[in-house]
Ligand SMILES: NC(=O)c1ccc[n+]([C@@H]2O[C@H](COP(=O)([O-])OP(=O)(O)OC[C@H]3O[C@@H](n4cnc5c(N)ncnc54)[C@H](OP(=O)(O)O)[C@@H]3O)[C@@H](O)[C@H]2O)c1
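The chain below stands alone and is given in structure tokens; this is the form predicted alone.
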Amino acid sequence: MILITGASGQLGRELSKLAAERGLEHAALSRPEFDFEKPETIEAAFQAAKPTLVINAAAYTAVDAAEANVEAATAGNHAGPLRLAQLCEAAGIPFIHVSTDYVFDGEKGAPYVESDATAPTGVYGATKRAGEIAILAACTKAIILRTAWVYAAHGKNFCRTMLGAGRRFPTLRVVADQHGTPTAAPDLARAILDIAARLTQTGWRPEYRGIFHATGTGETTWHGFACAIFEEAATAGQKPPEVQQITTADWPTPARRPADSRLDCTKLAQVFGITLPHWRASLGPIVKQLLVLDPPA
């Protein structure tokens, strides 16, 4: 039995869908049944599911709002996941937890490896990093996957936001000096369940423990991502807006984003034999799904 938390989110929905397609016994939970801000629901959900593996896709992900909501961000990214990790440890089962590129400050100038020093620039990244540390201290069979720029055909994400804005405005201004890698939620879900399959096949091995980077292959900027989104949308009949390049300084936000949060995913390939597809290859199908849900005028 796989317990999937955060089932209403982008990744959680894809995990639930793929688990069902693969015929995996699973329980997919989200609020109000499972809520990190209500600690009593964590143990209740765990005991009811009696899992053999937990995949935590639940988190507090509102990057800017976290600056003014430290308590909620801490519950969602640190205290709550820690309690889940402790339950997994007590049960002797693996715990797969999803973290973020925002644990880094983006000043390295090259893709980050898992052993690089962290330096979060905001509350969101700081609480996610605190969660990583706590989980590894509490759970012997912990796997932490840092990912980035996640998007899907549902939920709130950059791809969906751009398509909506492109319908309303002839010109958009998008930051061009932040670098990273878009990661399609279906690709990440597939990688996570492939890891779960490996655990079933081989049993737990010491090399599985720790932090791994898991993003789409390749790199771009938010501006480059936006342009690619509209290229895909144009093939389905949506007229593209003009997408102007701006700097981070031109678009101030409460939380400072890392300028270059590219992640090196070599370790994931070496240990689990998993490489996520190139971000550009995964974009088209999701844009087309979004346009089916909200077709061009």
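Predicted model only: the values in this text are computed from it and were never measured. Throughout, we count residues from 1 along the sequence that is shown.
The same protein has a further form, the form predicted together with this ligand, not shown here; the description that follows concerns it.
Tell me, out of 264, 37, 43, 242, which residue has a non-hydrogen atom within 4.5 angstroms of this ligand in the model of the complex.
-> Looking at the other structure, the residue within range turns out to be 37.
Evaluate residue 148 for contact with this ligand in the model of the complex, applying a 4.5 angstroms cut-off between non-hydrogen atoms, and reply yes or no.
-> Close contact exists here: in the model of the complex, residue 148 approaches this ligand to within 4.5 Å, heavy atoms only.
Does at least one non-hydrogen atom of residue 9 fall within 4.5 angstroms of this ligand in the model of the complex?
-> The answer is yes: residue 9 has a heavy atom within 4.5 Å of this ligand.
Does this ligand get within 4.5 angstroms of any non-hydrogen atom of residue 127 in the model of the complex?
-> Although this ligand is absent here, residue 127 would stay clear of it in the model of the complex, with no heavy atoms inside 4.5 Å.
Wondering, does residue 229 line up within 4.5 Å of this ligand in the model of the complex on heavy atoms?
-> Because no heavy atom of residue 229 falls inside 4.5 Å of this ligand in the model of the complex, the answer is no.
Would you mind picking out the stretch of 96-104, 168-176, 130-138, 195-203 that comes within 4.5 angstroms of this ligand in the model of the complex, counting non-hydrogen atoms?
-> Of the stretches listed, the one contacting the partner is 96-104.
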